[in-house]
Every structure is written in C-alpha cells, then in structure tokens.
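One chain comes next, on its own, written out as structure tokens in the form predicted alone.
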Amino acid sequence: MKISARNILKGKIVAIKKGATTAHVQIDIGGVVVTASITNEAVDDLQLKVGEPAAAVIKSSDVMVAVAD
C-alpha cells in the first residue's frame, strides 16, 4: 500500500467500541494508546479485531501545541 501521509504509527488493536454509527478503535503504539474514530462500516470492511496489528495514519494540516500554565 502506498499513502501520502507521513505519520504512520504501527501497533496493535487493544479495543474496538462500536456506537450507533461510529466506532472508536484503540491502537497501542509501544505503550501509548491512540484512538481513531471511524465508521462501523469501516471496522467491518477492514475486518478489524482486537489483538491484530494495525497502523494509525495521521494526516492533518493543523497541529496544536499546549503547555501548562
């Protein structure tokens, strides 16, 4: 697979929580968990399952930075 996104974080699916139309897929990236919000249809189409390898692909034109007061 080729993709233009530069931020690809490989890990393992640790949880899938389906809602009415949207699912939250949690991927453990070396001890840090990233949560993706995708459609239930995408979960089914990709046949995502807990324990399987997956990648979080981050493509965004905006990145925000915060610091403590």
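If you superpose the two forms and keep the largest set of C-alpha atoms that fall within 1.5 Å, you have the rigid core. In case it trips you up, residue 1 is the first one in the sequence shown, and so on. Computed from a predicted model, the values in this text were never measured in an experiment.
We do not show the form predicted together with another copy of the chain, though everything after this point is about it.
K.L.:
Do G19 and another copy of the chain share at least one heavy atom pair within 4.5 Å in the predicted bound form?
P.N.:
Yes - in the predicted bound form, heavy atoms of G19 and another copy of the chain come within 4.5 Å of each other.
K.L.:
Quick check on K12: any heavy atom within 4.5 Å of another copy of the chain in the predicted bound form?
P.N.:
No - in the predicted bound form, heavy atoms of K12 and another copy of the chain never come within 4.5 Å of each other.
K.L.:
Can you check whether G51 is within 4.5 Å of another copy of the chain in the predicted bound form, heavy atom basis?
P.N.:
No.
K.L.:
Who in 49-65 is close to another copy of the chain in the predicted bound form, meaning a heavy atom within 4.5 Å?
P.N.:
Heavy-atom contacts within 4.5 Å come from P53, A54, A55, A56, V57, I58, K59, S60, S61, D62, V63, M64, V65.
K.L.:
So, does V63 move by 2 Å or more at the CA between the shown form and the other one, with the core held fixed?
P.N.:
It does, since the V63 C-alpha is displaced 2 Å or more between the shown form and the other one after the core fit.
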